[in-house]
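In C-alpha cells, one chain follows: the form predicted alone.
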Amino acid sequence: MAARVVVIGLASDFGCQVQMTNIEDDLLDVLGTIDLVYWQLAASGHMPEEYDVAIVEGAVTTDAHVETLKRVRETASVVIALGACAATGGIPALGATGDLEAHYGCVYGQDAAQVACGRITPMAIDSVIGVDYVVPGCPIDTEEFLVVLSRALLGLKSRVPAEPMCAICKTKENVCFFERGELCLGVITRTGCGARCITLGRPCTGCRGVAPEANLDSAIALLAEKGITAERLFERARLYNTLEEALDR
C-alpha cells in the first residue's frame, strides 16, 4: 500500500511548494510511489483524518498553526519540514524581533486587534512538534527534496549535512567572495546545495541555516582579516536565521 502523503502550508509564500512542481521529469515517478491525498496548494478540499507522511511548509505564526501541527504529529508517522520557513522560521521569523504588536499595527492599521487575533511570535515548526526530516533552503532544491522524501518513505535515517559550505565551494573552484572584500555566508551556512548561488556568482545568503559544525569564532576572525565586521555577518545571517541560538551574541 502506497504511503498516504499530505502537503500543508503555514506562513510562507508557498515558494517551496511551487518548487515541488518543478520536479518535471521525476514528478510522475514520485506521484506513482505515493498516495497524495491532500496538497493545500493544488486542492480545495479538506485534509483527511488519516495519512502517513506530512510535508509542512512555512513558519508557525498563529494559534491555529499550533493546533494544526499538534494534530499532524498525532496522525503522521513522518513529518518533513520543507524549506527555510519551516526549518528555521525563515523570513517570517524576522517578525519575532522588536514589538510584535507594533508590527501588526503597521500591517493592519486601527483594526489590528481584531484582524491579528490569534497571531503569535513566529517560530520554526520544531518549536511546536518533533520533526523527522528537514529539507532546508529558500526555495528548496528539488533533487534534495526527492532524496529526503525517498529516505522518509524507506524509513532511512535523516542525513542533513552538518558541515559549512566552504569545503564544497572549493571543489567547485569558485573564487572566494572574501578575496573581493565581499561578505558570503558560506563560511557558516549548512552545505548540501552544491554551492549553487556562489557558483552562479552570488554570495551565499544563509538560507540553509547555520551549520552545526560551523566555527563562528574562526569565521569572525577570518572576516576581520578581510575588513568585514562580525556585526555585518550576524545582520546578514539573521535574514533566514533570526531564531538561531548560535547568532545570539
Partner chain sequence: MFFRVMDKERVPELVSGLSESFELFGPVAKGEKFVLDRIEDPAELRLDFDTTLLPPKKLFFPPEDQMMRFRVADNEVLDDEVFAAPRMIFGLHPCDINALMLMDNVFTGDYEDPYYTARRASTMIVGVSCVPTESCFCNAWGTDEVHWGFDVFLTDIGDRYFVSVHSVKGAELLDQHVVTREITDEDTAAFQERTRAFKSSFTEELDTAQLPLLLDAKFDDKLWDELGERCLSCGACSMVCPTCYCFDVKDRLAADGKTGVRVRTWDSCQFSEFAEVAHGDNFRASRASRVKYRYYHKQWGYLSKFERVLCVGCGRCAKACLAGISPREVVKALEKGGEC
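In this text, all values refer to a predicted model and were calculated from it rather than measured experimentally. Residue numbers count along the first chain shown, from 1.
Separately, the form predicted in complex with the partner chain exists; it is not shown, and the next lines address it.
Student: Within 4.5 Å, heavy atoms only, one stretch in 134 to 142, 71 to 79, 175 to 183, 84 to 92 touches the partner chain in the predicted complex. Which?
Tutor: Selected range: 175 to 183.
Student: Please tell me which of Leu41, Leu36, Val30, Cys197 lies within 4.5 Å of the partner chain in the predicted complex, judged by heavy atoms.
Tutor: For this set of options, the contacting one is Val30.
Student: Indicate whether the candidate residues Glu163, Glu213 and Lys226 are all in contact with the partner chain in the predicted complex, with contact defined as any heavy atom within 4.5 Å.
Tutor: Spot residues vs the partner chain: full contact, yes.
Student: Although the partner isn't part of this model, could you tell me whether Leu222 comes within 4.5 Å of the partner chain in the predicted complex, counting any heavy atom of the residue?
Tutor: Contact with the partner chain, yes.
Student: If we define contact as a non-hydrogen atom of the residue within 4.5 angstroms of the partner, is Ile55 a contact of the partner chain in the predicted complex?
Tutor: Although the partner chain is absent here, Ile55 would stay clear of it in the predicted complex, with no heavy atoms inside 4.5 Å.
Student: Consider Gln110 of the chain shown here, and say whether it contacts the partner chain in the predicted complex, taking contact as heavy atoms within 4.5 Å.
Tutor: No, Gln110 stays farther than 4.5 Å from the partner chain in the predicted complex.
Student: Is Val187 close enough to touch the partner chain in the predicted complex, meaning at least one heavy atom pair within 4.5 Å?
Tutor: Yes - in the predicted complex, heavy atoms of Val187 and the partner chain come within 4.5 Å of each other.
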